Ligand SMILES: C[S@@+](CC[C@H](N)C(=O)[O-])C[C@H]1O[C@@H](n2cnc3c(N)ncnc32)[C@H](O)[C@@H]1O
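A lone chain, given as structure tokens: the form predicted alone.
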């Protein structure tokens, strides 16, 4: 993810105009997400993109810190928030590994369509666990291409070298679930519409310290 800001800056305007691919699935995820939110909560979103999800949930919580590595994406997100008269989102140009916040600062962390774009997924999951209060929730939606498009792991590096793709990691849903569990979470909710669709997981931060990754 750290090596992809130029890619995302270049496609930001086009990305912003792209319609949601599966509206019913997105609406179900949003509906489930909202059941985990409350007015007193402070939320962190990693890889917020053009801010659509943060703006949707902003009225339900006290504050959102929304991170993205693309300044162009954040410009669009800021304009959208202003247009919607949403004032409790702070958009920040950074990623989870460079983000400086005190441990246990957040009640909920969101990672929508971002875990497969991270340079070091497991290290980032450990950072998420550290930033969450014990009993807090990490809510994610992730394309697990290892389940249906494993060959992409050979194509992605070529596309990245040519500047046609951002950083993309290929892993299975089982590998993702195991990584989340090892980072100090239990799975509270799991849903996947079909094998070639993103895996939606609500993971609860355990009260004990996470097991270090081997």
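Note that this is a predicted model, so its numbers are computed, not measured. Residue numbers count along the first chain shown, from 1.
This protein has a second form, the form predicted in complex with the named molecule, left out of what is shown; the following refers to that one.
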Contact assignment for the named molecule in the predicted complex, among 94, 130, 88, 78, heavy atom within 4.5 Å: 94
Residue (of 144, 139, 126, 117) lying close to the named molecule in the predicted complex, criterion heavy atoms within 4.5 Å: 117
Contact test in the predicted complex: residue 109 vs the named molecule, heavy atoms, 4.5 Å: no
Partner contact for residue 183 in the predicted complex: the named molecule, 4.5 angstroms, heavy atom: no
Partner contact for residue 15 in the predicted complex: the named molecule, 4.5 angstroms, heavy atom: yes
Any non-hydrogen atom of residue 113 within 4.5 angstroms of the named molecule in the predicted complex: yes
One stretch from 184 to 192, 171 to 179, 31 to 39, 44 to 52 that, in the predicted complex, holds residues within 4.5 Å of the named molecule by heavy atom: 44 to 52
Contact set, 62 to 79 vs the named molecule in the predicted complex - heavy atom within 4.5 angstroms: 67, 68, 69, 70, 73
